[in-house]
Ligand SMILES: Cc1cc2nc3c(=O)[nH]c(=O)nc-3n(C[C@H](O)[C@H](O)[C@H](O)COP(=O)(O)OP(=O)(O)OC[C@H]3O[C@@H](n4cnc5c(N)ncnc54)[C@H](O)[C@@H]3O)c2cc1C
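Just one chain follows, in the form predicted alone, and it is written as structure tokens.
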């Protein structure tokens, strides 16, 4: 069957990949001229890449890793030393490490916490461990039930003091969700912690060896098109046109540059758009249904990604770093972490500004100046004195609506991939799946949508590839 998919981000491309495996023919439609959605990347006038976000992969991303293995590109993940590195604002220019030994989980992560004496006292370590016990012992059901609390409320209920919150959880919350612990649902960081504690390499970090657009998304497109599918750029969805019974009749695509609008008909239709544009596109008759009304409880979070090229090396650390800055979330020197961005003489820092709600409407000049002020604290040796590092150029990418805002109570609003409309399905990390709003969540959502379609509409011919297990 022909399946029209609106959105060529990870969710839409993953959905299309697993649909061709199941014997269907997907047509992926992307409104922009670039693949990737929330992981899109572009080249500047000098041929340097800049991205929508700092895209980090974890060992606890089984569906992403499986997908890349099936595509034959798993070697494009550059795995780093198994450690978490935090800046120490009270000691500018220094770092605190949680080095995870290569022993079974959860002993490996626990050992890394016990060995760290920079950020936590022994009393805090014990309180931290005791506070996490319910999540470890009682499992994911307990974790999901904690959606009624913010992370800060949950920490206070567990007797975990403010120092642990400020030292670890503010950084973790901003890195995972782009919002602070007093705003984020406890379910989100607890889900990540559960993965890290259960899987030996769950917290191990990898970077892609180049831009996500070329090194991850394009191989998915090649896989899809080689098996009869289609991926079209510059094909914006204008309207979801309905039949009299409320099912989808066709997608109406907006004509560009004076071209007429185009009707695209298929047997099945999928929205792989983010939740905010989907809400705008919903037909009026669907908005009366409780399933779609719940979407009003979800909205995307603001994200700002900053790229800074300098005239010298600022650091030789080949890893993700938690800034512990009130302005910045995580950062990395991409000239160290990414093969295609490598430069032995100069640094290119990629930084995430979070929370970005109060900054998204500000000028690039304001954002840049504030970021440079923070960098003076992170790298005092390079930004004080006479011979300071010089900024060669910068790129700032604003995403006013990124992954869904994971505040308390949002789990109840996340929809299934299967909708009440017989021929309409959803994919996107905001939909209900066991991972948070992330690259892994996007891939899993696409996989689940494809599985639901394959179950409801089995292909009449032998599938091109045996179905694979979902989850992990």
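Remember, predicted model here, so these are calculated numbers, not experimental data. Numbering follows the first chain given and starts at 1.
Not on display, but discussed next: the form predicted together with the ligand.
**Student:** Given that the partner is absent here, state which listed stretch (307-315, 384-392, 187-195, 269-277) has heavy atoms within 4.5 Å of the ligand in the model of the complex.
**Tutor:** This holds for exactly one stretch, 269-277.
**Student:** Among 80, 112 and 333, does every residue place a heavy atom within 4.5 Å of the ligand in the model of the complex?
**Tutor:** No, none of the three is in contact.
**Student:** If the cut-off is 4.5 angstroms on heavy atoms, which of these, 67, 29, 406, 426, is the one near the ligand in the model of the complex?
**Tutor:** Flagged contact: 29.
**Student:** Is it the case that residue 442, even though its partner is missing from this view, gets within 4.5 Å of the ligand in the model of the complex, heavy atoms only?
**Tutor:** Yes, contact at 4.5 Å.
**Student:** Wondering, does residue 55 line up within 4.5 Å of the ligand in the model of the complex on heavy atoms?
**Tutor:** Yes, residue 55 is a contact residue.
**Student:** Using a 4.5 Å heavy atom cut-off, state whether residue 419 contacts the ligand in the model of the complex.
**Tutor:** Taking the distances in the model of the complex, the answer for residue 419 is no, it never comes within 4.5 Å of the ligand.
**Student:** Flag residue 41 as yes or no: does it have a non-hydrogen atom within 4.5 angstroms of any non-hydrogen atom of the ligand in the model of the complex?
**Tutor:** Residue 41: no contact with the ligand in the model of the complex.
**Student:** From first to last in sequence, which residues of 222-250 have any non-hydrogen atom within 4.5 angstroms of the ligand in the model of the complex?
**Tutor:** Contacts from 222-250: 235, 236, 237.
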